[in-house]
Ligand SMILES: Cc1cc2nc3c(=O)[nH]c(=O)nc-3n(C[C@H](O)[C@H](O)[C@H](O)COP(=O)(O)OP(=O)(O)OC[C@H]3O[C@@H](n4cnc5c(N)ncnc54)[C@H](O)[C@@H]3O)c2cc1C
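What follows is one chain in structure tokens, specifically the form predicted on its own.
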């Protein structure tokens, strides 16, 4: 059986790695860009290793990546972010983020009674009996919860931080999604970790596994421009060739899938998904020639909904000797009422707010900049998991294809959904063609 996988991001690489284990399956992984990893690609400049997005893993011990580590024999190091150095800034006050019982006791975000209330919420989430799962959205739950305003704000802020979205969008996240996500996160013994050495440590091993199988090829800078069905085969067309396949996996953003299948018999089946909106943020990376300050590992500005992570405080492998790598992330609203001009002004204001956050906590950073990368609108998830959007199933009724990626149904958010949906797409295909799947 010959399989085509369109897209060489985390999901496509995961699906190909699993399928490559089976001797009766051969295939081609098509990637339009010059590098693998999709939005998780890594590059080096002036001795700094920068990820297009953060390589933090939430709840590593309960994460799909840990399952892949066992099943695909991946090897990687990780290090947990120091919880005692994760801070919130509210108004002019700095206080510990309530990530565990010790920090919850110390934080000034909540009053004594509010802390008791929040502990009750965490306990209910861990026991999987929290009532939020019965509500359509976080906003609906908070409106009827009877919780104080500070507890409501904390819930919104936690969801902003983990889903990389604004408070307005946080209130639109389905209650069932929040229940499942925080059930896993609060049970985790390793809530926030970095993969040491960046995403390339994972993507390189997946690529090696695919290559070593000897039955797969990776076609770099070769995007698929068309697909049709002929004589029982799916004919994929690129600028370099046209080739026949028995099965096709789309491992790309749903927006690109819709575009590729436009004008084909399969286009109508994608109508429910074509108006999905993506999660976009501002990313502000700075590599500094020296450590200008290290007051904490992570500072979250609750006033302006942005944060700075001292990535090199946790992963020293990403910087030259004596250097420091800081990554700022600002959550972005989808719309600006006044059109393009107002949108530009909004992004410029977010940039000023981010630089002011650097100024407050990392004085002298401007003079120490060795590398800077600013993306004022970076996609971090192709489908924002909020009411009104619809995640793409791995299999759609009446369609012959498989789908995977961070915009598809799967476990977790962000990178985990890419890994989990890629793994599930491979598993489902193997079952459907009668290949034994190891448990």
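Numbering follows the first chain given and starts at 1. From a predicted model like this one, the values you see are computed outputs, not experimental measurements.
The same protein also has a form predicted in complex with the ligand, omitted here; what follows describes it.
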item: Partner proximity in the predicted bound form: residue 329 to the ligand, non-hydrogen atom cutoff 4.5 Å; value: yes
item: Contact label in the predicted bound form: residue 223 to the ligand, heavy atom within 4.5 Å; value: yes
item: Contact flag, residue 252 vs the ligand in the predicted bound form, heavy atom cut 4.5 Å; value: yes
item: Partner proximity in the predicted bound form: residue 67 to the ligand, non-hydrogen atom cutoff 4.5 Å; value: no
item: Contact residue in the predicted bound form, chosen from 40, 28, 60, 50 - any heavy atom within 4.5 Å of the ligand; value: 40
item: Non-hydrogen atom within 4.5 Å of the ligand in the predicted bound form for each of 2, 401 and 433; value: no
item: Region of this chain that lies against the ligand in the predicted bound form, out of 168-176, 136-144, 360-368, 279-287 [heavy atom, 4.5 Å]; value: 279-287
item: Sequence-ordered residues of 376-394 touching the ligand in the predicted bound form, heavy atom within 4.5 Å; value: 378, 379, 380
